[in-house]
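Taken one at a time, structure 1 and structure 2 that follow are two forms of one protein chain, written as structure tokens.
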Structure 1
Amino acid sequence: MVAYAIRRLIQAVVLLVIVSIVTFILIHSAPGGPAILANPDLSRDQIAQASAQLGLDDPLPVQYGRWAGNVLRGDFGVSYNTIEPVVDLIGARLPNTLLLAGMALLLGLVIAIPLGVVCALRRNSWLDRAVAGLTFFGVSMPVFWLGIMLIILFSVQLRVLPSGGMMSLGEPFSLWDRLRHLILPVSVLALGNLAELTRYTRSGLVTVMSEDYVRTARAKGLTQRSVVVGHALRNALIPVVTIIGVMLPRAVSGAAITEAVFSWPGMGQLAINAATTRDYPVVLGTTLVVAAVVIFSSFITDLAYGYLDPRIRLG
């Protein structure tokens, strides 16, 4: 177990290094330099001086080395645009994105597991097909389209939910207020996950229900309910756990659109803005951090996988 964890950790570090190098090369080979240097008001001297100050005149490997060295010391540099430390910028937004993505996943599970169970138990019934069909709508709709529709309905017409942001400004923090702001963006994100989560729960349960120990439990005369809840579900959820490992990274990066629609102050907007203004330190920082979150979550998923299914031996 420990050896496994260490091996995964080494792999993770190697992966992060590769991600950072790829991002570094991509962003530096892009046409157009940092927006702050494209200012038509600056004289050529001023631009040259600013460029030198930012260390942009050095060869790329030198720049990368310097950046990587600083990162190892926990220094991600300072945003060209807002002169704020990148660590602070990310620190302010990462929790928001995780909150949004996490809640969406949670809501998705809360809805999808019962749906999946029902579908598995009534396999190939009209209900099963209807659920599959309906959940497909969720994944087939452009996210921003759905988001704007919901805003029009709930915020502008009915005026029951806020259209964006994380909190009512000018009011003290309250949990209820935060929840109200979460409802629309979380629903939009969760809807996109529903089809997959339902399907995996369903197929997981279908497999498990045909296994010997479940048959035995049934033969003992246990009720359907206790068989499902007591025996089958835990094992049926194993593939669901796997898919969560795949979905979390998607949720974190895919939240960018939802964030834009609902003015949610998350990582997506930070990264997009940084990429288009060639704010190199922020681009590198956000990519690295998101990749780290993703790799970490897949690591956790694997551990959970081993825990849920003792037959799987890690290592």
Structure 2
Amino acid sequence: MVAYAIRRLIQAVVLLVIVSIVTFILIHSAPGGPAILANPDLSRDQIAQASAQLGLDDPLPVQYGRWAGNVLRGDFGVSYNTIEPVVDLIGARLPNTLLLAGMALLLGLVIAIPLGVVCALRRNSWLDRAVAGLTFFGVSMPVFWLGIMLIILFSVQLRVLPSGGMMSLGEPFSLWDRLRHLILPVSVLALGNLAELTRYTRSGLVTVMSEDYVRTARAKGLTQRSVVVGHALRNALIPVVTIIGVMLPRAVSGAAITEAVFSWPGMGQLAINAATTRDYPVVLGTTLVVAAVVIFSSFITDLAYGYLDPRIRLG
């Protein structure tokens, strides 16, 4: 298991380096430049001087080497727009996005896995058909439309939940206030997770329950609970682990729409603002952090594979 983990870790580091190189080249090769250099009040000499100070006149390999060396020391540069360290900007936004994505994933897991197991054990029942319809609805529902509808219903019409933000302005911090602000965005993000996890859990368990070793366990006189929990569920969760490994990075990188709808101060809004103003250090920093989250999630997923099925790590 240790050798398997080391191999996967080396692959993850190499992949992260490749992502950083490709992102750096694409951003700096695109036409135009940072919005700060497009200020009409700046003369050509001032623009040239600013470009030289920012190091934008150097060849791309030199720029990348300088940036990568700073990143290894924990320095992601300074934002061209706000003149703040990129590390501080990301450090202020990343926990908010991880909180939102983590709560959505946790809610989906708590509901979806038991629901998928029940549907698999009661296949073709009215409950199975009803859940199938609801999951198709959850997968096909546009996130932005659902968010707006929930705001109209619970914030505008019923006035029971806040429409956006992380906390009520002008009020002291309270756990209940934070939870109230989490309910709507977490529900929107969790709906898609819930639908996918339920379907994968159901289909995986249905497939495993027809295997020979499950029939053997039943022939030994084991109870249904022992057969499902002790024999079938572990193998049925392998495809679910795959989905979980994809969902967390997807939520972190794809929560921009939800964050925009609910005015949630996370990485999505930071990345969008940086991209529209061509703020190179912030774009590179957010891309690298999101890539690291994606690669780390894949690494954890590989380790979970190796634990659930020893044939994977041996192969």
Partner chain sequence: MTVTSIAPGQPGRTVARVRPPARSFWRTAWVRFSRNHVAMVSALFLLMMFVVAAFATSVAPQDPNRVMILNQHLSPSGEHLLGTDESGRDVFSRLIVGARASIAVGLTAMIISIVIGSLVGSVAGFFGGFVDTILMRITDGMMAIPYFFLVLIVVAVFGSSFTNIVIVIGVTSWMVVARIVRSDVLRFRANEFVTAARSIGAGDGRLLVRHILPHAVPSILVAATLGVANAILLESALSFLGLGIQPPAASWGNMLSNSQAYIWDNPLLPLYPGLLILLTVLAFNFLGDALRDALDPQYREGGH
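Numbering runs along the sequence of structure 1, starting at 1. We call the rigid core whatever largest set of C-alpha positions still superposes within 1.5 Å between the two forms. Since this is a predicted model, take the numbers as computed values, not measurements.
A.B. asks: The same chain appears twice here, once per structure, so which copy is the form predicted in complex with the partner chain?
C.D. replies: Answer is structure 1, the other one does not fit.
A.B. asks: Is it true that residue 84 shifts between the two structures by 2 Å or more at the Cα, once the core is aligned?
C.D. replies: No, residue 84 moves less than 2 Å.
A.B. asks: Is the C-alpha displacement of residue 123 equal to or greater than 2 Å between the two structures once the rigid core has been superposed?
C.D. replies: Comparing forms between the two structures, the residue 123 CA shifts below 2 Å.
A.B. asks: Following rigid core alignment, is the displacement of the residue 211 C-alpha between the two structures equal to or greater than 2 angstroms?
C.D. replies: Where the cores coincide, residue 211 still shows a C-alpha shift between the two structures that is 2 Å or more.
A.B. asks: Using the rigid core as the frame, report the C-alpha movement of residue 239 between the two structures, one decimal, in Å.
C.D. replies: Its alpha carbon moves by 2.8 Å.
A.B. asks: By how many angstrom is the Cα of residue 220 displaced between the two structures when the rigid core is overlaid?
C.D. replies: Residue 220 is displaced by 6.0 Å at its C-alpha.
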